[in-house]
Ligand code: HEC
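Form predicted alone, single chain, as structure tokens, below.
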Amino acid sequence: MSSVNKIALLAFCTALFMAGSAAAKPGTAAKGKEIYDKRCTWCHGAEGDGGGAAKDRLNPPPRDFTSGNYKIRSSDFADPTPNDDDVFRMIRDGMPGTAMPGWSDLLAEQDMWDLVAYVKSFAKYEKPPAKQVEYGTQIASSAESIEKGKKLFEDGDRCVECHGKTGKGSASKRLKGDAGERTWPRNLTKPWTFRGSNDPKDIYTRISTGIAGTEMPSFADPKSKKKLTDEERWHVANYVASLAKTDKKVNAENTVIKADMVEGELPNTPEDERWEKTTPTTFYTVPQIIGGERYFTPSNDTITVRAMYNNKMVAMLLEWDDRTKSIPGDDNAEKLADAPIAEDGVAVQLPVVIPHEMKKPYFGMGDAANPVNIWHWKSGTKDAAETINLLSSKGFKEIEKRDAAGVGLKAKAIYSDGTWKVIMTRPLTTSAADKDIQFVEGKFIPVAFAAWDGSNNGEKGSKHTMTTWYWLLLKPATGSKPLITALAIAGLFLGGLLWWARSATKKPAA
């Protein structure tokens, strides 16, 4: 085939592909309604106003399509009309950190374009947006760009007022959405929770358009005193992308907290530098909906755990992001909180008896045949210090409160820049083997966690987030015995080889 014919064939195939893509895009609102009525009304409501049956159990609440406010869009900040591609992307990919799933596994591409047409009809959008975000020339991420972005981020409380100096969203003021609902600033250190991805271009887009229906403004608006140029917005986008704390990301395959054996005393504060040398393990937390007062609208989503032990004690460091330090009785804390405010808290759950097989106690506070220990820390109030409580539980209705100090259970916490760190320590063994777990190195010990944000709808009691069972392993110390054993085996093997070699070369008797 001649080069001319090859070029012609390539052009034809390209045109055919583009025509096929274009043909798939236009959606039919009538078909979209059929899909919407089956898949979407439960949250967004039959009228598209966000008034579905599940609305009170969702945080954030479902989008009100009749308002015309689309949070994730690429049209100009002054034009609320979303592009069809913006709506399609949200339907296809979903929105991390919300109840909105991605539908690409269940719906064909054309079905999703039909949904786009129907969803947009609620706000009576008929024309595409007149202007798009101006990207200028993208500036590649570099140490210089990140440093410039940091200065702009902090300058005049431009971003830190809501997101905090570390980007964790530590609250300095109470935020509300246009519908009056409580909203929380994004924790920029957790990019996997970004609604529109953590790609610098998407971050740039959010900085440029703002987020409709929230207090996140546009920094491309020339009327704003905090306006940023195209170049400055790229620097801020690069800085925000650099804040990612990838060591706090959940790895579904990592289900074991590995406690290191140390010589001498264990750390007695969360700030001890030795914690940084241990391996962190992060778990998702989910709302408690299995017993008592069920809970559906949490603000916390993960917890990170580290552990150490010596010949006498075991210590765990629990770390989780919490945008507010909840202090009942403190005027400033109560202004930021949902009433009634309660103490922040965290709990560790362990079986009284380490199972020999895979069977574990019921993860919701144990059961009659398999009791659990619960170590429950609370942050305190304006007039009372932090506390650590020890509970023995055989289920939600059979709970015994015991003397924590009597078994040597202690806790100490610090709150800084939107993060709680709580260290809990206890002796490996106690005198009450029938009531307390007796820690043993080298065994996989079931462990679970719970957390309370006292500023979020007054989380307390059974209103909290929790995990299922995971594992705690007290790693045996690596001493000289394994090395000596290995050398002995190697010596025997080498001796056997020498004996075989001598035997093989020996001349047979006459």
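Residue positions are given as counts along the sequence shown, with the first one as 1. Treat the numbers as computed from the prediction; the structure is a model and nothing was measured.
The form predicted in complex with ligand HEC exists for this protein as well; it is not shown, and the discussion that follows is about that form.
Exercise for review: Report the stretch among 380-388, 401-409, 282-290, 364-372 that approaches ligand HEC in the predicted complex to within 4.5 Å, counting heavy atoms only.
Suggested key: Careful reading of the contacts points to 282-290.
**Study point:** Joint contact, W275, I354 and T419 to ligand HEC in the predicted complex, by non-hydrogen atom at 4.5 Å
**Key:** Verified in the predicted complex; spot residues all out of contact, no.
Review point. Would L58 count as a contact of ligand HEC in the predicted complex, using a 4.5 angstroms cut-off between non-hydrogen atoms?
Key: Yes, contact at 4.5 Å.
Check your understanding: Taking heavy atoms only, is C43 within 4.5 angstroms of ligand HEC in the predicted complex?
Key -> So C43 counts as contacting ligand HEC.
Check your understanding: Can any non-hydrogen atom of L175 be found within 4.5 angstroms of ligand HEC in the predicted complex?
Key -> Flag for L175 set to yes.
Point to revise | P200, heavy atom within 4.5 angstroms of ligand HEC in the predicted complex | key: Close contact is absent here: in the predicted complex, P200 is far from ligand HEC, nothing within 4.5 Å, heavy atoms only.
Point to revise | Proximity to ligand HEC in the predicted complex, single hit among A347, I423, L228, L350 (heavy atom within 4.5 Å) | key: The residue in contact is L228.
Practice item. Scan L107, V250, L266, A78 and let me know which has any heavy atom within 4.5 Å of ligand HEC in the predicted complex. Key: For this set of options, the contacting one is L107.
Practice item. Pull the contact list for 215-235: residues with a heavy atom within 4.5 Å of ligand HEC in the predicted complex, in sequence order. Key: Result: E215, M216, P217, F219, L228.
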